[in-house]
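Presented below, as structure tokens, is a lone chain in the form predicted on its own.
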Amino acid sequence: MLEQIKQQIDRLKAKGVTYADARYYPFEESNQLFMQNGNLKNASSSRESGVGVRVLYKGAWGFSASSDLSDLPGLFDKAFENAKAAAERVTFPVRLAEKDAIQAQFASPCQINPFEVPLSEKVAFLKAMDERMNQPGVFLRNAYLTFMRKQIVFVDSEGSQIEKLITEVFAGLEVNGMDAQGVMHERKFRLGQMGKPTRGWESIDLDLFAANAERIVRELNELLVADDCPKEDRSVILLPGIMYLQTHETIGHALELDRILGYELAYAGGSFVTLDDFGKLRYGSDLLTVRADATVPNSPGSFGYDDDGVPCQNVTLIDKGILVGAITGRQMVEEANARAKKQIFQGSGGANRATAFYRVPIERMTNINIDPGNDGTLDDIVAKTERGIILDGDRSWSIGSNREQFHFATEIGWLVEDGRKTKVVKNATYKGFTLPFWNSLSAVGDESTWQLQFVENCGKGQPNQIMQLGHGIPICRFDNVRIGE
């Protein structure tokens, strides 16, 4: 198959295409299990394979994909014909940033292939967790396991050949209960990196999940008898369970370069960031340094090489509060530099990815991480907070179409008075405008507070593409934030 793909690429080169590539998926498989109140509600598996072909001709892309590999010449010809049709209407001719020809392999760190683990063992794990959560106060309890595994062979007309084997493991627990007013509340636990260098079945740690099952049940019961969150301005201390979402929505999506250039406006919105902002805009306080780091081990945002054949990189996005970079691929950096009439970007940041062989690669978040600071542990930050609230867990969210503002509801809050954590409050919310909020960042926890959270369902693109990624974040404090409304 690989030799046949190379032959088709060479054939199109001879016909005058500027560039061509193919992503061959020998297989992509998934397995989902979901248990609710002790009943296995879903146990599904899927497997597919196919080829996606991109062709660049006279400044326009053509794309074609199929799971039927019996007619590769026809598949490549269709992509070429699509490029020729698009070239008649192109308004901004596509150019690609330079890259090296690469022959490489990459595999996610995995000791035990989760697809080789018996179904009975997976169900037994869910059952054990369900029993842990089956306690007074819990009205509804959920436990889930999701496994993904895919092989991708990338070949392009510039001489690259890259083979990847990606394994993903996602898992979580959730408990729900009803307070005296008839309002449902929830507490969740999701598997993240948890300091482990591997992410196969071995990452499903029974002791880790059991301890967190007990914790979320305890916190749920505290919520059910708690007072409502006050409506006032306080310092907000965000734990990783909500800090990841704050980073995702108001930094990650805002700094995708295709969004900055207006390509997502019809679907997922744009960005308040402009090309003139790079190197100038004060995005946050001096304590804020953010990276798109796809080199972090054991994360769904680390994948070796992107779908342009560019190696994963650690790209600084915000340096001590100043915007300096974006989430980029080969095409958009060239267009951005041309539009700005200056060189903002030196090359691709290696962030172009597609969710499947039948989707085109677009710029996606990798691991959007915040550097840890020097303000110590949660206890240290609380001790230096006069009037504050500690928040955790994502419950609902609303974001401005250009990521210029936000409103988040969290699962749980703990008030802070005179340097001490006091009582639990329910229905805790906070809101703000993106730039003033990040500029109010007044404390960043040390490395011991830094956690890498997994995201398995980030949506973007038309048609929609679901992507997996990560966020490594410390505990952070922001001052003068409106809460409770």
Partner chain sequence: MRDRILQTLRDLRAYALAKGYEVSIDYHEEESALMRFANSAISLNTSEHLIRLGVTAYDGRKRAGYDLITDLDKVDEMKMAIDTAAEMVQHAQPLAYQPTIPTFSESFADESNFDPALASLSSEEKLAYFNAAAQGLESDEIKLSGILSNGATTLAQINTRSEHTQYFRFSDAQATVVLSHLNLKWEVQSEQSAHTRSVLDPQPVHRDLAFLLDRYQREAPVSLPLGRYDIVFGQAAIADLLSMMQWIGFNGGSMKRGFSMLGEDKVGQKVFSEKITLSDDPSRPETFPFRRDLMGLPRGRFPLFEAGVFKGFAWFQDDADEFGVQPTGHTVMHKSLVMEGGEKDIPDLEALINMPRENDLLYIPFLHYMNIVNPSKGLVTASSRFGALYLKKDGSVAVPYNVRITQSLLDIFGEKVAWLSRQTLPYNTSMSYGARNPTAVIVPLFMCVKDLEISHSNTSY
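Note that the coordinates shown come from a computational prediction; the quantities given were computed from them, not determined experimentally. Residue numbers count along the first chain shown, from 1.
Another form, the form predicted in complex with its partner chain, is not on view; read the next lines as being about it.
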Using a 4.5 Å heavy atom cut-off, indicate which stretch of 294-302, 143-151, 202-210, 89-97 touches its partner chain in the predicted complex.
89-97
Can any non-hydrogen atom of G262 be found within 4.5 angstroms of its partner chain in the predicted complex?
yes
My question is simply whether G182 lines the interface with its partner chain in the predicted complex - judged by any non-hydrogen atom within 4.5 Å.
yes
Given that the partner is absent here, does Q135 sit within 4.5 Å of its partner chain in the predicted complex, heavy atoms only?
no
Any of the heavy atoms of V225 lying within 4.5 Å of its partner chain in the predicted complex?
no
Is its partner chain in the predicted complex close enough to S285, F345 and N374 that every residue in that trio has a heavy atom within 4.5 angstroms of it?
no
The one residue among E404, D380, D233, E163 placing a heavy atom within 4.5 Å of its partner chain in the predicted complex is E404
To verify the annotation, which of these, M35, V444, L452, V455, has a non-hydrogen atom within 4.5 Å of its partner chain in the predicted complex?
M35
Pull the contact list for 359-377: residues with a heavy atom within 4.5 Å of its partner chain in the predicted complex, in sequence order.
R359, V360
